[in-house]
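There is one chain below, alone, in structure tokens, taken in the form predicted on its own.
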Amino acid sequence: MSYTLQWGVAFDYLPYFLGGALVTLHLTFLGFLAGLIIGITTAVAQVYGSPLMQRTANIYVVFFTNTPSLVTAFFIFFGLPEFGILLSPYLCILINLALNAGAFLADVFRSGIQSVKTTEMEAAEIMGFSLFQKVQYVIAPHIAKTLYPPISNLYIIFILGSALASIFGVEELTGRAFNVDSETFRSIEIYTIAATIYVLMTFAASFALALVGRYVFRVKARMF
């Protein structure tokens, strides 16, 4: 059996692939941004919350960090309609990404919060800072610098993980690769181009994150 590569057929769909890459990028960005908010809120609840808040936050983190993202996506996509909640596939995947990112980021933020020096927190307490002020002026500046590298790595992982959206009909990069492959049957060419675009996206994201880390948070991040 012989297989003749026909790159011209695949490259005809390049604009279509690039459109899917844009969907991948803004889906990941919005999901991760929401995850940052969820993560920092959960971490604060774990460290400074009441016993009930701590238990609730711990259950959320344990559940989502020990459950495959695909399983939680199926639950959201097929489970919520049973309760009368109908959402688009894009919104379901966005919620799933946000909840998963929030759980993993909560662990990162919690370790960062606990690494803040006791003397700094005591000084804030003496000065009468509220919990919000402690987070804003003491905790946030500290964790922004020390936790930026692992948070950046998680962002890259979630760019690649967003490919599961294709299973639910979201036409991001992998979803569009599926569509083109089903029309052309040029699997090697199609998925080689898709993989190359993913590599370029992650390199570009790493470079952008390194720039932000270096010039905003003064983190010595390596740039390609």
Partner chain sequence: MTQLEINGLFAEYSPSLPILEDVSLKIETGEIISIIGPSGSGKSTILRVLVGLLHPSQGHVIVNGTEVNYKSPSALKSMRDTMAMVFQQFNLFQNMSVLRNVMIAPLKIKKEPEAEVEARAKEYLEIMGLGEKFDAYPDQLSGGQQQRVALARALALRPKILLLDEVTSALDPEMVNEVLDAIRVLSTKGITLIIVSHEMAFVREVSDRVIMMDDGKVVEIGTPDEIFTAAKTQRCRDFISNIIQH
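Residue numbers count along the first chain shown, from 1. Worth saying up front: this structure is predicted, and the values here are computed from it rather than measured.
What comes next is about the form predicted together with the partner chain, which is not displayed.
- Taking the partner from the other structure, the partner chain in the model of the complex has no heavy atom within 4.5 Å of any heavy atom of residue 82.
- In the model of the complex, the partner chain lies within 4.5 Å of some heavy atom of residue 138.
- The closest non-hydrogen atom of residue 94 lies beyond 4.5 Å of the partner chain in the model of the complex.
- The partner chain in the model of the complex comes within 4.5 Å of a heavy atom belonging to residue 129.
- With the partner omitted from this view, the residue of 133, 88, 146, 115 that lies near the partner chain in the model of the complex is 133 [heavy atom within 4.5 Å].
- Though the partner chain is absent from this view, in the model of the complex it lies within 4.5 Å of a heavy atom of just one residue from 99, 151, 124, 73, which is 124.
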